[in-house]
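Below you'll find only one chain, the form predicted on its own, shown as structure tokens.
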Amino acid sequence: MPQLSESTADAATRDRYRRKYEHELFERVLPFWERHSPDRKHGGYFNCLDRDGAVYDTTKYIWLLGRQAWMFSKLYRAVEQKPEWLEMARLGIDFLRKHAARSDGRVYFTLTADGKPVYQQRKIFTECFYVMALAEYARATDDARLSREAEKSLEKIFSWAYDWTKVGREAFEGVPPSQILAVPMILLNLIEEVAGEDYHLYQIEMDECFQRVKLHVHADTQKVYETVAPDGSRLDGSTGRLLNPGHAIEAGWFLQHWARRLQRDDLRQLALDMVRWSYRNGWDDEHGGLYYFLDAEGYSPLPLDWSMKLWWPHCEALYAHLLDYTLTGEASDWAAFEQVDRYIFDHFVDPDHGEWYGYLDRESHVTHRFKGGPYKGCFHVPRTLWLCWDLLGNWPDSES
């Protein structure tokens, strides 16, 4: 059980946190990517950046290019119409549309610096982030043609989402029928990004995602399972016992956004349970921080990096707890938010070169000095800082 301290969220405290995140985002995180990631020769961005921003590998990871183009498009539209932010977004969008998108709707996972295909995943997630980027850039530039392209691409993703044989993955007879949490959670996020205020057009797809997310949440054990049978029952073996606290927390705040928009108390409570249970189960009481993976019954998890502390689960927990506190006013939600904030700024933040480290061992020592790699780019850190900064600046009460 995480050891939470008593604290208050009065206006002065909230303002202090907002100023802290404003400085971190606009003075230390975004400038890192603006200085070091643009590829002015071939377009797009370099992802693999060392601690000081030096490019150590020119391979371009397309799901990260999509995320970064989305991030700068979002900042341009939601924060300030800075020409340099729109130019950063355009640099990514132009490269993606020219080199990453295939004629069949699939999107390459990796490309060379000048845009030659290297690898194609048999999953749908690169396509999801490509569509997110298109949709947000289309709004930022008021480009109806790109909006239609994003909508059509989303339709294809829906058709592939729950049957990956359609994207080239073999289905072997020994593999039990199952579903993973990652699919309905990313689809809910994608609908929010693509549909905007026209979300009612996706009501059938949303309802299916809600039902599928619910199957992973087991009140009897107060756990959120990463993989379940199609009816929600537990799978045998280590796969069925696997917990990914960060994933479940992220899915929780995605769901909470929809609960708030649709005024659905059932979804609100489900989202609260997902965040709270996953945080309680995932927190390392001895060394602090969230475990990457856990086994639901206490066995050693099969992933060898299970005990590591990664940047992105802490990003998700920071925003999820702050969001929950605005809805509940419960001290435990605020205390959890502050606990995550302390851990992040004690261990992930680099005071010398900006941005955050991504990978720590169980004892919270940095294991990888780089700031960008195949899985870490300009996304989780700036997204979380922006979401928290925005929420703290638009507090849902009359106090200020």
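The first residue of the sequence shown is number 1, and the count goes up from there. All of these numbers come straight from a predicted model, not from anything done at the bench.
The same protein also has a form predicted in complex with another copy of the chain, omitted here; what follows describes it.
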Just one of 137-145, 226-234, 197-205, 291-299 has heavy atoms within 4.5 Å of another copy of the chain in the model of the complex; which? 291-299
By the heavy atom within 4.5 Å rule, which residue out of 120, 222, 179, 326 makes contact with another copy of the chain in the model of the complex? 120
Could you spot which one of 186, 318, 270, 308 gets a heavy atom to within 4.5 Å of another copy of the chain in the model of the complex? 308
If the criterion is a non-hydrogen atom within 4.5 angstroms, does every one of 238, 363 and 367 touch another copy of the chain in the model of the complex? yes
Is residue 116 a contact residue for another copy of the chain in the model of the complex, using a 4.5 Å heavy atom cut-off? yes
Is residue 50 near another copy of the chain? Define near as a heavy atom within 4.5 Å, in the model of the complex. yes
In the model of the complex, residue 63 touching another copy of the chain (heavy atom, 4.5 Å): no
Within 4.5 Å, heavy atoms only: does residue 303 come near another copy of the chain in the model of the complex? yes
Do any residues of 54-77 have a non-hydrogen atom within 4.5 angstroms of another copy of the chain in the model of the complex? If so, which ones, in sequence order? 56, 57, 61
